[in-house]
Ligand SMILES: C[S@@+](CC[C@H](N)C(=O)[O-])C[C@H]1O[C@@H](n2cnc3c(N)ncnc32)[C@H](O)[C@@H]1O
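This document opens with one chain alone, in C-alpha coordinates, the form predicted alone.
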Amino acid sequence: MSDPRTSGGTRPVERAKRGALQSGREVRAMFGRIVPRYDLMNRIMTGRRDLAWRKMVARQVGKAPLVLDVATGTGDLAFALREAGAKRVIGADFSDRMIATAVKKAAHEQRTGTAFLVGDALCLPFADGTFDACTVGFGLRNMVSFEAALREMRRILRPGGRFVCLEMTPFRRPILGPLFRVYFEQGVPLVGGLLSGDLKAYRYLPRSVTAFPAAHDLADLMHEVGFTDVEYQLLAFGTVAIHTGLRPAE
(Lines give C-alpha, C1' and ligand atoms only; values in the text may rest on other atoms or scores of the structure.)
Protein backbone atom coordinates (compact mmCIF):
# COMPACT_ATOMS: atom_id res chain seq x y z
CA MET A 1 0.00 0.00 0.00
CA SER A 2 1.56 3.27 -1.05
CA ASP A 3 1.32 6.18 1.37
CA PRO A 4 1.95 9.41 -0.55
CA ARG A 5 1.47 11.77 2.42
CA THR A 6 4.33 13.83 3.73
CA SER A 7 4.90 15.26 7.16
CA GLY A 8 3.18 18.42 5.96
CA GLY A 9 -0.14 16.56 5.73
CA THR A 10 -3.06 16.91 8.09
CA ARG A 11 -2.65 13.66 10.04
CA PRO A 12 -0.80 14.29 13.34
CA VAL A 13 2.28 12.24 14.08
CA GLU A 14 2.71 13.28 17.70
CA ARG A 15 1.10 10.10 19.04
CA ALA A 16 3.50 8.02 16.93
CA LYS A 17 6.59 9.50 18.59
CA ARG A 18 6.21 7.82 21.96
CA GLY A 19 8.19 4.72 22.82
CA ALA A 20 7.93 1.37 24.54
CA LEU A 21 5.70 0.88 27.56
CA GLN A 22 8.71 -0.10 29.67
CA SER A 23 12.18 1.33 30.15
CA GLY A 24 15.11 0.03 28.14
CA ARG A 25 16.45 -1.72 31.23
CA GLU A 26 13.15 -3.53 31.78
CA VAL A 27 12.81 -4.53 28.13
CA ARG A 28 16.38 -5.84 28.02
CA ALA A 29 15.84 -7.91 31.16
CA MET A 30 12.54 -9.29 29.84
CA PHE A 31 14.03 -10.48 26.55
CA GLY A 32 16.98 -11.95 28.38
CA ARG A 33 14.59 -14.09 30.40
CA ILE A 34 12.66 -15.48 27.43
CA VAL A 35 15.60 -16.31 25.13
CA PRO A 36 15.33 -20.13 25.58
CA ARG A 37 11.77 -20.23 24.17
CA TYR A 38 11.89 -17.10 22.01
CA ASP A 39 12.07 -18.80 18.59
CA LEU A 40 9.50 -21.44 19.55
CA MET A 41 6.99 -18.82 20.69
CA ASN A 42 7.47 -16.82 17.49
CA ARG A 43 6.53 -19.91 15.47
CA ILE A 44 3.55 -20.77 17.66
CA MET A 45 2.12 -17.24 17.81
CA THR A 46 2.26 -16.76 14.04
CA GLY A 47 1.70 -20.31 12.81
CA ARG A 48 5.24 -20.10 11.40
CA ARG A 49 4.24 -17.16 9.21
CA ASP A 50 6.99 -15.08 10.81
CA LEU A 51 9.49 -16.99 8.65
CA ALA A 52 7.63 -16.01 5.48
CA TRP A 53 7.37 -12.37 6.59
CA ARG A 54 11.09 -12.21 7.22
CA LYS A 55 11.71 -13.58 3.73
CA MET A 56 9.50 -10.81 2.34
CA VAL A 57 11.64 -8.23 4.11
CA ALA A 58 14.79 -9.90 2.81
CA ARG A 59 13.50 -9.73 -0.77
CA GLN A 60 12.92 -5.99 -0.32
CA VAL A 61 16.61 -5.63 0.51
CA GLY A 62 17.90 -8.04 -2.14
CA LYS A 63 21.61 -8.17 -2.91
CA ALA A 64 22.66 -5.15 -0.90
CA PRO A 65 26.41 -5.15 -0.18
CA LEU A 66 26.15 -4.31 3.54
CA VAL A 67 23.03 -4.56 5.71
CA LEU A 68 22.39 -3.78 9.37
CA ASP A 69 19.63 -5.72 11.12
CA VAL A 70 18.66 -3.80 14.25
CA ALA A 71 17.05 -5.60 17.20
CA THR A 72 18.18 -8.80 15.52
CA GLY A 73 17.22 -11.02 18.44
CA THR A 74 18.35 -14.57 17.73
CA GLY A 75 19.31 -13.66 14.17
CA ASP A 76 16.45 -15.07 12.08
CA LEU A 77 16.05 -11.95 9.92
CA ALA A 78 19.82 -11.59 9.52
CA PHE A 79 20.00 -15.15 8.21
CA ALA A 80 17.05 -14.54 5.85
CA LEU A 81 18.81 -11.46 4.47
CA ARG A 82 21.89 -13.50 3.64
CA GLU A 83 19.81 -16.22 2.00
CA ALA A 84 18.12 -13.58 -0.17
CA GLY A 85 21.48 -12.37 -1.49
CA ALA A 86 22.75 -9.66 0.87
CA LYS A 87 26.54 -9.82 0.72
CA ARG A 88 27.25 -9.10 4.37
CA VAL A 89 24.86 -8.68 7.29
CA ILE A 90 25.55 -7.31 10.75
CA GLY A 91 22.97 -8.03 13.44
CA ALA A 92 22.79 -5.73 16.48
CA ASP A 93 20.73 -6.12 19.64
CA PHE A 94 20.99 -4.59 23.10
CA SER A 95 20.40 -7.97 24.77
CA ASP A 96 23.68 -9.81 25.16
CA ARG A 97 21.79 -13.07 25.72
CA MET A 98 19.99 -12.68 22.39
CA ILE A 99 23.28 -11.97 20.63
CA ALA A 100 24.94 -14.99 22.27
CA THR A 101 22.13 -17.18 20.94
CA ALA A 102 22.42 -15.69 17.43
CA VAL A 103 26.17 -16.39 17.41
CA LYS A 104 25.58 -20.00 18.49
CA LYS A 105 22.94 -20.49 15.79
CA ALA A 106 25.26 -19.09 13.13
CA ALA A 107 28.02 -21.48 14.19
CA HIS A 108 25.74 -24.51 14.55
CA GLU A 109 24.05 -23.94 11.18
CA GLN A 110 27.35 -22.95 9.51
CA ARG A 111 26.01 -19.55 8.49
CA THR A 112 28.53 -17.33 6.73
CA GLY A 113 28.46 -13.64 5.94
CA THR A 114 26.80 -12.66 9.21
CA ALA A 115 28.27 -11.01 12.29
CA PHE A 116 26.57 -10.07 15.55
CA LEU A 117 27.25 -7.47 18.20
CA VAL A 118 25.63 -5.89 21.24
CA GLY A 119 24.38 -2.42 20.34
CA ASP A 120 21.61 0.00 21.30
CA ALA A 121 19.27 1.03 18.48
CA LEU A 122 19.21 4.59 19.81
CA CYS A 123 22.99 4.92 19.69
CA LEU A 124 24.34 2.64 16.99
CA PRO A 125 28.14 2.23 16.96
CA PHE A 126 28.55 3.09 13.27
CA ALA A 127 29.44 6.17 11.29
CA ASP A 128 26.91 8.08 9.20
CA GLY A 129 26.14 6.50 5.84
CA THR A 130 27.76 3.12 6.58
CA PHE A 131 25.06 0.73 5.35
CA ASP A 132 23.28 0.09 2.06
CA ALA A 133 20.16 -1.15 3.88
CA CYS A 134 18.82 -1.34 7.41
CA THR A 135 16.09 -3.64 8.73
CA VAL A 136 14.25 -4.10 12.01
CA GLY A 137 11.91 -7.01 12.65
CA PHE A 138 9.44 -6.97 15.54
CA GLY A 139 11.73 -4.68 17.50
CA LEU A 140 10.73 -1.07 16.90
CA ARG A 141 7.82 -1.16 19.34
CA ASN A 142 10.23 -2.15 22.15
CA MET A 143 12.42 0.95 21.72
CA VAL A 144 12.06 3.77 24.21
CA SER A 145 11.58 6.38 21.47
CA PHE A 146 10.22 5.41 18.07
CA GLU A 147 11.24 8.76 16.60
CA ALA A 148 14.81 8.62 17.93
CA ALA A 149 15.23 5.03 16.74
CA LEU A 150 14.05 5.87 13.23
CA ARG A 151 16.36 8.88 13.06
CA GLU A 152 19.30 6.75 14.15
CA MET A 153 18.57 4.03 11.59
CA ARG A 154 18.25 6.67 8.89
CA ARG A 155 21.59 8.17 9.99
CA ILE A 156 23.61 5.02 9.41
CA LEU A 157 22.17 4.53 5.89
CA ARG A 158 24.07 5.82 2.89
CA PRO A 159 22.19 8.28 0.65
CA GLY A 160 19.72 6.19 -1.33
CA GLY A 161 19.88 3.37 1.24
CA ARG A 162 16.74 1.39 2.02
CA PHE A 163 15.02 0.96 5.39
CA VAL A 164 12.57 -1.91 5.95
CA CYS A 165 10.54 -2.40 9.13
CA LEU A 166 8.54 -5.53 9.93
CA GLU A 167 6.24 -4.99 12.90
CA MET A 168 2.90 -5.88 14.39
CA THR A 169 0.28 -3.17 14.10
CA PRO A 170 -2.89 -2.49 16.13
CA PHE A 171 -5.80 -4.57 14.84
CA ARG A 172 -9.04 -2.60 14.89
CA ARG A 173 -11.35 -4.34 12.42
CA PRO A 174 -14.89 -4.39 13.85
CA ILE A 175 -15.72 -8.04 13.10
CA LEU A 176 -12.46 -9.94 13.48
CA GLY A 177 -11.02 -7.54 16.04
CA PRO A 178 -12.71 -9.01 19.14
CA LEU A 179 -11.75 -12.57 18.12
CA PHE A 180 -8.15 -11.56 17.57
CA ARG A 181 -8.03 -9.78 20.93
CA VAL A 182 -9.21 -12.91 22.73
CA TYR A 183 -6.44 -14.92 21.06
CA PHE A 184 -3.75 -12.29 21.49
CA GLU A 185 -4.61 -10.98 24.94
CA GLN A 186 -5.56 -14.28 26.56
CA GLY A 187 -4.30 -17.22 24.48
CA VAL A 188 -0.79 -15.93 23.72
CA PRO A 189 0.04 -14.94 27.33
CA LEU A 190 -1.23 -18.30 28.59
CA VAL A 191 0.82 -20.36 26.13
CA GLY A 192 3.82 -18.07 26.41
CA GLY A 193 3.70 -18.19 30.18
CA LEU A 194 3.51 -21.99 30.22
CA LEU A 195 6.35 -22.50 27.74
CA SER A 196 8.68 -19.78 28.94
CA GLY A 197 7.75 -19.64 32.59
CA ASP A 198 7.36 -15.87 32.21
CA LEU A 199 3.70 -14.89 32.07
CA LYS A 200 4.55 -11.24 32.65
CA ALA A 201 6.60 -11.03 29.44
CA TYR A 202 3.80 -12.38 27.27
CA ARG A 203 1.25 -10.13 28.91
CA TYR A 204 3.48 -7.24 27.86
CA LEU A 205 3.38 -8.32 24.21
CA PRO A 206 -0.31 -7.55 23.45
CA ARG A 207 -0.14 -4.31 25.42
CA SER A 208 2.90 -3.19 23.44
CA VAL A 209 1.09 -3.82 20.14
CA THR A 210 -2.05 -1.98 21.23
CA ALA A 211 0.06 1.04 22.17
CA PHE A 212 2.08 1.00 18.93
CA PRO A 213 1.22 3.50 16.17
CA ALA A 214 -1.15 2.40 13.44
CA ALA A 215 0.51 1.72 10.10
CA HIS A 216 -0.45 5.08 8.58
CA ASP A 217 0.82 6.96 11.65
CA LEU A 218 4.15 5.13 11.49
CA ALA A 219 4.39 6.03 7.80
CA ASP A 220 3.81 9.69 8.70
CA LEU A 221 6.56 9.54 11.32
CA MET A 222 8.96 8.00 8.81
CA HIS A 223 8.28 10.95 6.53
CA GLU A 224 8.89 13.38 9.36
CA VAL A 225 12.29 11.95 10.31
CA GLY A 226 13.44 12.23 6.70
CA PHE A 227 12.62 9.03 4.83
CA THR A 228 11.24 9.35 1.30
CA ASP A 229 9.25 6.98 -0.92
CA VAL A 230 7.54 5.62 2.18
CA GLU A 231 5.20 2.70 1.57
CA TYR A 232 3.62 0.01 3.70
CA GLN A 233 1.93 -3.33 3.18
CA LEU A 234 -0.52 -4.90 5.61
CA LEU A 235 -0.32 -8.66 6.18
CA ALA A 236 -2.14 -11.29 8.24
CA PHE A 237 -5.56 -9.60 8.04
CA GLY A 238 -4.00 -6.28 9.05
CA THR A 239 -2.13 -7.44 12.17
CA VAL A 240 1.35 -7.08 10.67
CA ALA A 241 2.88 -4.37 8.49
CA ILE A 242 6.01 -4.00 6.39
CA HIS A 243 7.12 -0.37 6.01
CA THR A 244 9.80 0.71 3.55
CA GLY A 245 11.53 4.01 2.96
CA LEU A 246 14.71 5.51 1.51
CA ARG A 247 17.29 7.89 2.85
CA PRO A 248 17.22 10.63 0.21
CA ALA A 249 20.09 10.82 -2.25
CA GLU A 250 22.21 13.84 -1.44
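Start at 1 and count along the sequence shown; that's the residue number. Everything numeric in this text was worked out from a predicted model, so none of it was measured.
One more form of this protein should be noted, the form predicted in complex with the ligand, which is absent from this view; the next part is about it.
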- Query: So which of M143, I90, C165, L157 gets a non-hydrogen atom within 4.5 Å of the ligand in the model of the complex?
  - Reply: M143
- Just give me the single entry in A86, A106, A80, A71 that has a non-hydrogen atom within 4.5 angstroms of the ligand in the model of the complex. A71
- Query: Should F116 be classed as touching the ligand in the model of the complex when contacts are defined as heavy atoms within 4.5 Å?
  - Reply: no
- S196 near the ligand in the model of the complex, any heavy atom under 4.5 Å? no
- Query: Could you tell me if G139 has a non-hydrogen atom within 4.5 Å of the ligand in the model of the complex?
  - Reply: yes
- Verify the contact flag for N42: yes if a non-hydrogen atom of it lies within 4.5 Å of a non-hydrogen atom of the ligand in the model of the complex, no if not. yes
- Message: For the ligand, considered in the model of the complex: do all three of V209, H216 and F227 come within 4.5 Å of it, counting heavy atoms only?
- Response: no
- Query: Among 108-116, 94-102, 157-165, 125-133, which stretch has residues whose heavy atoms lie within 4.5 Å of the ligand in the model of the complex?
  - Reply: 94-102
- Item | Residues in 221-249 close to the ligand in the model of the complex, defined by a heavy atom within 4.5 Å, in order | none
